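As structure tokens, one chain now follows by itself in the form predicted alone.
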């Protein structure tokens, strides 16, 4: 079978998918964490790899950037490929003073002002929760493995906030909830999962902060991202 954006057979995709934004990060995860992996999709260079992690079949499928892109891939994976759960693994920013660079955050839900839901279903939802059961598995894994994990609300934005001329005005667009992270995909993933009765979570590494202006080394980024990837992989077994 194939869809307009995925060119593989149903059996090529696992029931659990890890979804980084960057296709090259999907390749990195497959090469460094999976066994017996194979490339199962390269339509539009949106790479997907399926292999095993400690005996568990898993697919790593890139989403691209933004709600429209992750909306397409998550919908097709859930609807046509029998995927039961997707964990987005990516990077984010934060304008919460209690969040530091390289913190790993698990999203409890996402707030968004996009028209995505209205265009798709004619509804107007500002906030949507992630999967409680999937989140519990991730939090239990972090506790067992001794991994530090922050848990809280996410802002999903249609723009990259660092390019906004007036960041204070940008922050004023959102309600006065205690958001931990800001990114560009989670709301779309959570919405599609809820629409189709599936599970979705989002793990993020903080790489930009309003209150923490340190310059990150490539080694720091790689270590933190690897910890986040391991957390996601361990949670599915």
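On a predicted model such as this, the values are computed, not experimentally measured, just so you know. Numbering follows the first chain given and starts at 1.
Only in words, not in the display: the form predicted in complex with a small molecule, which the text now covers.
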Query raised in the report: Can residue 208 be called a contact residue for the small molecule in the predicted bound form at 4.5 Å between heavy atoms?
Result: yes
Query raised in the report: So in the predicted bound form, does residue 93 come within 4.5 Å of the small molecule, heavy atom to heavy atom?
Result: yes
Query raised in the report: Looking at the partner-bound form in the predicted bound form, is residue 144 within 4.5 Å of the small molecule by any heavy atom?
Result: no
Report task. Examine residue 127 and determine whether its closest non-hydrogen atom to the small molecule in the predicted bound form is within 4.5 angstroms. Result -> no
Report summary line: Note: exactly one of 29, 58, 182, 67 sits with a heavy atom within 4.5 Å of the small molecule in the predicted bound form, namely 182
Query raised in the report: Want to guess which of 156-164, 71-79, 115-123, 131-139 is within 4.5 Å of the small molecule in the predicted bound form, heavy atoms only?
Result: 156-164
